[in-house]
Ligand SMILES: Cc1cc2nc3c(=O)[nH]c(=O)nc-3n(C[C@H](O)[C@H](O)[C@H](O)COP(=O)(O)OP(=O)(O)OC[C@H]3O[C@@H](n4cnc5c(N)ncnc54)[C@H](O)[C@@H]3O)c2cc1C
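To begin, one chain is listed below as structure tokens, in the form predicted on its own.
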Amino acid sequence: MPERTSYDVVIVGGGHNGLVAAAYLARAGRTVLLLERLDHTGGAAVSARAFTGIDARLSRYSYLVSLLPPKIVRDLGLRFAVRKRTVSSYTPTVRAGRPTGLLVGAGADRTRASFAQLTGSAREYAAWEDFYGTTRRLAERVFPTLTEPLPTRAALRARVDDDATWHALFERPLGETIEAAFHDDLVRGVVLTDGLIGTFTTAHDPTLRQNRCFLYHVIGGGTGDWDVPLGGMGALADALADAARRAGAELVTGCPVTALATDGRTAEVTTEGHGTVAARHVLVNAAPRELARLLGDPAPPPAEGAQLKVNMLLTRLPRLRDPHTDPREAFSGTFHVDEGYAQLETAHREAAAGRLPSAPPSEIYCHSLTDPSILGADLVRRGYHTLTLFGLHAPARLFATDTAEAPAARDRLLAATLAQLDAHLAEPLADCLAEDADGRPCVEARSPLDLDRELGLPGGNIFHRELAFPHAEDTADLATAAARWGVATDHANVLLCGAGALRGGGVSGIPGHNAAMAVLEEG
């Protein structure tokens, strides 16, 4: 039960962004109530023992960290750390009838040699170094702006201070840039994947949704690195909840919010079973669709997720068909399956036509190679490992024709996806899967519809809605603090603090930080 009937701030939703906002505002002396419908906080940033009787805490939904600013970790005194992966990625393929692959990481010499072996020349590696040197410089300039008031388009362009890079990534389809920079289809595909994570689109989409997705995937931390959360993603949620409570915020779980009313100055938040509380400000750590529902407003245009999320536990890592690559190296970075440039475009075309892709693309990584602490000591001793798979081009429309049929469609896609992985292995993955206490294979799959049902992600969209470039238009009205911080809604005292805010998406805490800054700026 809430301890009071009135608060300075009520936060609807206890995901990581809501916890960030709660901690900042409580530290600033505001009375803060956070309401979460589930029996735990964390939202998509949680760890769970997914398999009966197995001592393995997997990052059930989100699983890597890139966009979380060190500033938030420092400001809130979080007991949380990440660890860098020694290998960035491995992409298996077949060339001249022989299994091989592209390994990126483990040192410049190793990467250069892998490019040369794959392509037969030094050109693609030089292009790779030039391209990612450009994105790193972009990251250094753009990432710090994400925790500052929202820049205008002109101001961000001036901050980037590179017209060629601006034009390539903010004004023309990403496919044009990739095709101009690289010749090899596999290399092109590895680059393109960062524009497709959770986004159903193509390399040449004229709306540039692939560019926006790509941008957020290459600017994290000012470096573009994707790091492993020590202790799993739940360690971040736990650290944030601890910080919020230490600061004096009140966190109430198992408390769904059913309605929200506001006159622009004060608001009332109605809960299921716990009455109504008043607030000066309400921060909504939920999708804009959920905000519309609470207000009784028409729903915004539908958003659609496009991914298959799979958690697995193995008794051992499988051997690869490529005899020159150690599975411990291949799976310690992002393991790309069927993500050549042409393969990605074919999979999109099939899914857009309403068919499950014939060769579903996916990326896989092994958390326990970098951080074995998520496994019990006995599992570590016996050589067990986790695998996390993220399937691309699996839009919600493929599962939504008949609700009763959705699990069967998910299972068909899962089987096809794992079959594509098997094509690159020297032994079937099924032979390596652990079994839970009931004798079932340790495989857990989630479709976009599952994510909608479990987390309230509209259509399973992990970004809550279409991503936007991290700037305001030059003609935008930025007269209010909420507008200046990119968290405004149609109501002056109701702010978005989740992934649906401008500069939202991913595990970042940025929308939570920015919503808190807007409240504090108003005084």
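So that there is no doubt, residue numbering starts at 1 and follows the sequence shown. Since we're looking at a predicted model, the values are computed, not measured.
One more form of this protein should be noted, the form predicted together with this ligand, which is absent from this view; the next part is about it.
Although this ligand is omitted here, in the predicted complex none of R85, F182 and G333 has a heavy atom within 4.5 Å of it. Of the candidate stretches 38-46, 468-476, 487-495, 22-30, only 38-46 has residues whose heavy atoms lie within 4.5 Å of this ligand in the predicted complex. Checked against this ligand in the predicted complex, the residues H348, H281, R212, K309 give one hit for a heavy atom within 4.5 Å, which is K309. Among heavy atoms of F390, some come within 4.5 Å of this ligand in the predicted complex. Heavy atoms of N514 never reach within 4.5 Å of this ligand in the predicted complex, leaving it off the interface. Taking the partner from elsewhere, H464 is found to have a heavy atom lying within 4.5 Å of this ligand in the predicted complex. Within this chain, L64 lines the site of this ligand in the predicted complex, having a heavy atom no more than 4.5 Å away. Residues C255, P256, V257 are the ones in 246-260 with at least one heavy atom within 4.5 Å of this ligand in the predicted complex, listed in sequence order.
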